[in-house]
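In the form predicted alone, a lone chain appears below as structure tokens.
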Amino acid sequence: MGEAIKIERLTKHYGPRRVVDNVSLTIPSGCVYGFLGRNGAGKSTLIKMLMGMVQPDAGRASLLGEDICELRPATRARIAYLSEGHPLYRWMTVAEAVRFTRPFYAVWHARFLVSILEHFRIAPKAKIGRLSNGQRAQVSLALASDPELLVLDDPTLGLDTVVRRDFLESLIQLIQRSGRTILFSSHILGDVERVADRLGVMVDGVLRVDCPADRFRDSLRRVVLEFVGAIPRFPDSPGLVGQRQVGSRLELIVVDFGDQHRELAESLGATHIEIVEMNLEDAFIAYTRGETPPLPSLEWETIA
């Protein structure tokens, strides 16, 4: 099937801060890759390096088999990039934006564009500056011209629920075309869960997770331990992502909870062990939050 995206030890600094830290990643052709991370995790910087908008300090990457520094125009025409906010020339009409965009593509899929615009009921004579944020997102998707590789950097940010759903349904139709590859970065985890078959999670510039979506969701568990008396600290062990004290309980986030973790919990004097499955959003928040200290006790005073 081949590799649509290959990243090798890609690194980027802004001043003393390393915003992308030695990232290596391979995305096969035909994959829908959900790229997750909190604000400032390094997702957008990595995507901009792939698109040639930011120069890496170290490492290399290739798109559709060609080095990102040496992409031929014919290869660039097989790639589309939708950025956050969907910047378009607002003084143009939709038809003028189409005429402006078309020369950048060696092959122009007019039927794809017309079907998207008709689906969203967007008139070619409409001024882009008068369209809503959701409509501009829809026009951006139409202008992508049915690419082999589609890179989306938070494309649904700021859209209402109904428009997001329509956008994603159109995206799913695109996905169903054989051989298409999509790199989908988003803060809206439910959107990623709907479309992605593989996930990457960035934490502080480091790619911490790269696995099938169901594997990430199914392997991570919240383990609740009940104690009588003082709450002990759970010792470091393989798979332990984080722990926090909540009242008389100790909550653990564990990858692949097994007999070793259970034996440790029992040796600490846990009176009850509850294992809770997590949806994708809970798993993502738990994984990226890591360990959190217990909340301090508060003493309320009357304010005169």
Partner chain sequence: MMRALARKELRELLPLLALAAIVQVIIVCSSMHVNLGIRLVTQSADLIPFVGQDAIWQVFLVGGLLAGSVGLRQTMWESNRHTWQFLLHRPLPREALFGAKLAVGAAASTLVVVVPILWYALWAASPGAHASPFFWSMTIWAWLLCALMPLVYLGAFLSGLRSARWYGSRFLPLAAALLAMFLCYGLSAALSWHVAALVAGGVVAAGYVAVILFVARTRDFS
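Residue numbers count along the first chain shown, from 1. As the structure is a computational prediction, the values presented were derived from the model and not from experiment.
The form predicted together with the partner chain exists for this protein as well; it is not shown, and the discussion that follows is about that form.
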Non-hydrogen atom within 4.5 Å of the partner chain in the predicted bound form for each of 76, 92 and 101: yes
Answer among 267 to 275, 49 to 57, 236 to 244, 33 to 41 for heavy atoms within 4.5 Å of the partner chain in the predicted bound form: the stretch 49 to 57
Using 4.5 Å between non-hydrogen atoms, is residue 167 touching the partner chain in the predicted bound form? no
With heavy atoms only and a cut-off of 4.5 Å, decide whether residue 87 touches the partner chain in the predicted bound form. yes
Any non-hydrogen atom of residue 80 within 4.5 angstroms of the partner chain in the predicted bound form: yes
Consider residue 105 of the chain shown here, and say whether it contacts the partner chain in the predicted bound form, taking contact as heavy atoms within 4.5 Å. yes
Partner-free chain; cross-checking the partner chain in the predicted bound form, the single residue of 199, 195, 143, 116 with a heavy atom within 4.5 Å is 143
